[in-house]
Every structure is written in structure tokens, then in C-alpha cells.
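Okay, here we've got a single chain as C-alpha cells, the form predicted alone, with questions on binding and movement later.
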């Protein structure tokens, strides 16, 4: 009876206004091949299953490029109908200013708290007990992607962990390969550092710094090992002269580079290229050292709009994004994990199955966007840009600067 009541309430929410068809502009930064294929599933479902129209507002570049544009439009009184952001602390000020639509009625009617797993994803959308976003996936940074072709050309086995990869780097270089592919955008180097932290310093040290903001741990021996490893990785990536993350992924796909530290969204690029996990490439969660996934990801927020028809369309889209069918279609192409634990993913490839198994075992940690403010994250990105691009910047000096940032983190 409870589920029937929820279904009736949800139906009432999306149809009570007898809304007219609305054109809903949806902004996002999903423009690579794999990303475009995935977001097309959202657009298709919205156009086919509602009376409304998806107006695509793709913004070329990364989230770092798109977020300021998105936030500026909302603050400037030119809001879109819906927008991608990362669920976490990025929208705090917009929520406090009353600029984002409260979705609590949809979430309660459909029982989001019971079906979204882990529930921390919904908690990241919740402020003062009210829900302001619809999570759409679980994206984890904690992966390294390895090219079988590159290692075969180098005459060495595909590594099973980070230490084996570092040991194989000279053979890759001798074969004319780039050991580590990395783009030049700040978030890429910062994200790679975060992955190395979990693998090398360990979960306890990562949690002490990123959750408890413990500057002593950031300045301590566990993090010293991470900065030393990052300095080595900086050298391994020295000839990776590309800008965008998907260009770096393509170096791995084409066998020009041995590996890339990148989130599971890279999987969509391998899929578009027709490569098969376990045959053409290998994925190692936690760099093959600490098999864990971070439970960050993407969510959609809906700026407040005075038009009742637009508001109705926004709530219909929010409901659709969380639905079983759409979750499966989107995440299979995106390479991310669904936010529901009750969906059928028999079609998942080996890498996605690894992630699902880790998720089921509870070996998870929050994403940095959920624990650090945008200001703190920005300071870390700035530091990482300087560190990764200046070979003379020592590991010890970078660690000292990092610990100082953590000491004043909010």
C-alpha cells in the first residue's frame, strides 16, 4: 500500500497543474563522444515520455569551464530549466539564495531515500532537510586505465598495481610510449593526486585530511609518500602534450600511452572506440592497491522559474532521471554506476562490474566535492597546476603548501 500511495502522489505531482508543453533548456558539460552518447539517453527519454521538449545546452570544456557560466546565468537572472552540477557543496550559495527549486515533494513521493544508494548521494542534495537536486550517477575517480597494446609493444606484462606500472615505465619509454597520459586542465592533475592519496597514503589518512581537515596528517609521512609518488608521476607524464581529459584517454586507446589516472567516465570513451574491457584495456580500481570507489558524481538542479508549466516540466524531468529504465540506459553508456541498487545491469562490462562489486561490499568513500568547499578545492587545483607543471617544485615544498591550505580549509 505504501508503494501505491507513493506512485499516486508522484503522479499527482507531475500532472496536477495540467501543464502545457514546455521547452526546457538543459545545460551540461558532457561533450566528449562517450558523454554525448550518454546524455542523449536523457534527452530521448524526456522527449518521448513527456509532453515537453529537451533543449540541449551543452557547454564545451570541463566542469571547471562550465560551472562559472552556469552559476553566473542563474545569479544574473537568466536561468536555464535544468543544469548539471556535481552533487556536493557547489550549489550551497544558490540554495541559500533561494534560487534553486525544492524537489522534496518529488523525492518523498517516489521514496528516493529508500532507493538511492548510497544515501549519502541524496544527503549531498539535501539542505536543512529539503532536497534540491536529483542524483543521476555514481562517478568514482579511483581508477587507472591501462592499454594492452602499449604494454605488448613494450614487451612487458600489463601491470596489476601502481608499483608494477612504475616499474614498467622504462620499458614503455624505450618503446616510444608515454608512460602516463594526462591532460593540462587543473582538475585532472588535482584528481590524479587524490587517487594517488587513497592508494598510497590510505583511507585513514585521506579521511583525516579531506573530512577532518587535519593539517598535521597533511604534513606528515603518509602524505610525504604521496607527494614523492606524484613527483615521479609528473616525470612519467612529461611528454603527454594534450589538453582535454578525453584526448589523454585517446592516447591510451590508441596505444600511444601506457596508462591514465582518470575517473570511470573514461570508460565511455573506450566503449565508443569499440574496445573491450579485459581484452583491449585493463581498469584497476584504487590503482590496484586499495580497491575502493569514491561516491561522487553528477546531479541535476532546477533553477526557480515563475512559469508553472516550466516548474511542472522540471519536476517531470527530475522524476525521470531517477527512474529505473533511464538509469540503466544512461549509465551503461556513461561508464558510471547507477544511483539505484535495484536495476538490472547484466549488460555491464568487466570494469563496471568491478565497481558494482566494490559498491556492494561497502568499500566506498565520499568525493572531495562533498567534503571540501569550492574555495578549498580551487586552492588545491591551483597548487597542483603549479606542482605538475614545474619540475623544480619539490615534493616537500608542495606538501608544505598543501598542508597550509588544509589548515584553513572550510
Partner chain sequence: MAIADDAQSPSAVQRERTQRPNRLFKNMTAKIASIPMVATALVIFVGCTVWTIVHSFTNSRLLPRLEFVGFEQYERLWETRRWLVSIENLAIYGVCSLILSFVIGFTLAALLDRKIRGEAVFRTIFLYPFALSFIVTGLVWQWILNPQFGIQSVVQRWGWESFAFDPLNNADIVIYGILIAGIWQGSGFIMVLMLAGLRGIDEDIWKASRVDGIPVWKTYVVVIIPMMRPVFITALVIITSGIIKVYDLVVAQTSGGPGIASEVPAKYVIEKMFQSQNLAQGFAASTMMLLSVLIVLIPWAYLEFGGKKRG
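Here the structure is a predicted model, which means the values were calculated and not measured. Numbering follows the first chain given and starts at 1.
Another form, the form predicted in complex with its partner chain, is not on view; read the next lines as being about it.
Only one segment in the set 108 to 116, 67 to 75, 124 to 132, 249 to 257 has any non-hydrogen atom within 4.5 angstroms of its partner chain in the predicted bound form, and it is 67 to 75.
In the predicted bound form, none of the heavy atoms of residue 319 sits within 4.5 Å of a heavy atom of its partner chain. Although the partner is absent here, residue 51 lies well away from its partner chain in the predicted bound form, with no heavy atom inside 4.5 Å.
Taking non-hydrogen atoms only, residue 32 never approaches its partner chain to within 4.5 angstroms in the predicted bound form. Residue contact with its partner chain in the predicted bound form: residue 379 places a heavy atom within 4.5 Å of it. For the options 279, 204, 93, 212, the one in contact with its partner chain in the predicted bound form, meaning a heavy atom within 4.5 Å, is 93. Just one of 56, 350, 357, 375 comes within 4.5 Å of its partner chain in the predicted bound form, counting any heavy atom, and that one is 375. Although its partner chain is omitted here, in the predicted bound form all of 386, 404 and 408 have a heavy atom within 4.5 Å of it. Looking at 309 to 339, no residue comes within 4.5 Å of its partner chain in the predicted bound form, counting any heavy atom.
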